[in-house]
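Below, in structure tokens: the form predicted alone, a single chain.
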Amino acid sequence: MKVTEHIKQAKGTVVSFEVLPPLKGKGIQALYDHLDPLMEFKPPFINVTYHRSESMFKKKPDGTFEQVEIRKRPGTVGICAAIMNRYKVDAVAHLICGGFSRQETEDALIDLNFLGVDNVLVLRGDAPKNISYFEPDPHGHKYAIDLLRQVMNMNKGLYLEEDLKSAVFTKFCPGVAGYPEKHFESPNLDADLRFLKAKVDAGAEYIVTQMFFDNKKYFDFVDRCRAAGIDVPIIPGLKAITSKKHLTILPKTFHVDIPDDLSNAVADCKKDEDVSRVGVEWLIKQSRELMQYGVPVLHYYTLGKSQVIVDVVKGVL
């Protein structure tokens, strides 16, 4: 079932979760152990992230080094199928531009279609580590909207091989990312909103936001979207602060602000256990306010912290 259909059928706000594929060489049981405690909340869908390869230098027998490409967290397509098989819930596969050719993307979409995974979240993706700018694959997409158009073309039976006869029409429900505090590469909020509107006009059926810690920024973002004619569901993405390091890591990595009350409370903590308690309490308060506002879904970025999210959701529902 499509994400949008789940939203239409829901009686009130539902919860969903986002998980990372295991590191290469690890089994899927660790992911099941992570998800099992969360399934009591009956999420209608679970997102699985996609990760680009990273350039690394590997030492050769002669003592010199060669640059190699390594994908540390492969398996998104297979994990989606495994989640749907084990838990009988829908999976949302992330698709990214970085590190993938158009042909590789098409092959992944064909596999997803074969497996009955109808939901995708279309993203540009980040630049490789230690590189300050995004560089697309030479045969890939530079922008998320171009990747989105490839998905929509396949929904129309249009593949890269234009002479295919009677090609299957896929039925993907594509979502895209939204940024309540502006994408860091956009010149301003208005420009960022125009880019988002273009993706919705190109076929995006829902929006999932970047994490935020001040609900007012989400409310303002929704108001701006509606005023711009964006009428698709806007799902808030949420994360709990669990470490003092998050005060510097999250703003730097995700370009988000942390409110004074929250940052001061975290700074006053002596142990990360205390930080987790503060983070859980803050996210419970955030989630309750968002539910009162009438959001369709509370989407939690779990990032390996399932017990933290269990504590949050139990405090909300």
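None of these values were measured; they are calculated from a predicted model. So that there is no doubt, residue numbering starts at 1 and follows the sequence shown.
Another form, the form predicted in complex with flavin-adenine dinucleotide (FAD), is not on view; read the next lines as being about it.
Triple contact flag Phe41, Tyr87 and Lys239 to flavin-adenine dinucleotide (FAD) in the model of the complex, non-hydrogen atom at 4.5 angstroms: Checking in the model of the complex: none of Phe41, Tyr87 and Lys239 is within 4.5 Å of flavin-adenine dinucleotide (FAD).
Contact of Ser186 with flavin-adenine dinucleotide (FAD) in the model of the complex (heavy atom, 4.5 Å): Ser186 belongs to the contact set for flavin-adenine dinucleotide (FAD).
Interface membership of Asp192, flavin-adenine dinucleotide (FAD) in the model of the complex, 4.5 Å heavy atom rule: The answer is yes: Asp192 has a heavy atom within 4.5 Å of flavin-adenine dinucleotide (FAD).
Non-hydrogen atom contact Gly125 with flavin-adenine dinucleotide (FAD) in the model of the complex at 4.5 angstroms: Gly125: yes, in contact with flavin-adenine dinucleotide (FAD) in the model of the complex.
Contact flag, Ile79 vs flavin-adenine dinucleotide (FAD) in the model of the complex, heavy atom cut 4.5 Å: Ile79 lies outside the contact set for flavin-adenine dinucleotide (FAD).
Candidate from Val120, Ile83, Val208, Ala204 lying within 4.5 Å of flavin-adenine dinucleotide (FAD) in the model of the complex - any heavy atom: Here the answer is residue option Val208.
Listed residue (Ile96, Met154, Val232, Ala108) with a non-hydrogen atom within 4.5 angstroms of flavin-adenine dinucleotide (FAD) in the model of the complex: The residue from Ile96, Met154, Val232, Ala108 that makes the contact is Ile96.
Segment that reaches flavin-adenine dinucleotide (FAD) in the model of the complex - one of 217-225, 156-164, 172-180, 239-247, heavy atoms within 4.5 Å: This holds for exactly one stretch, 172-180.
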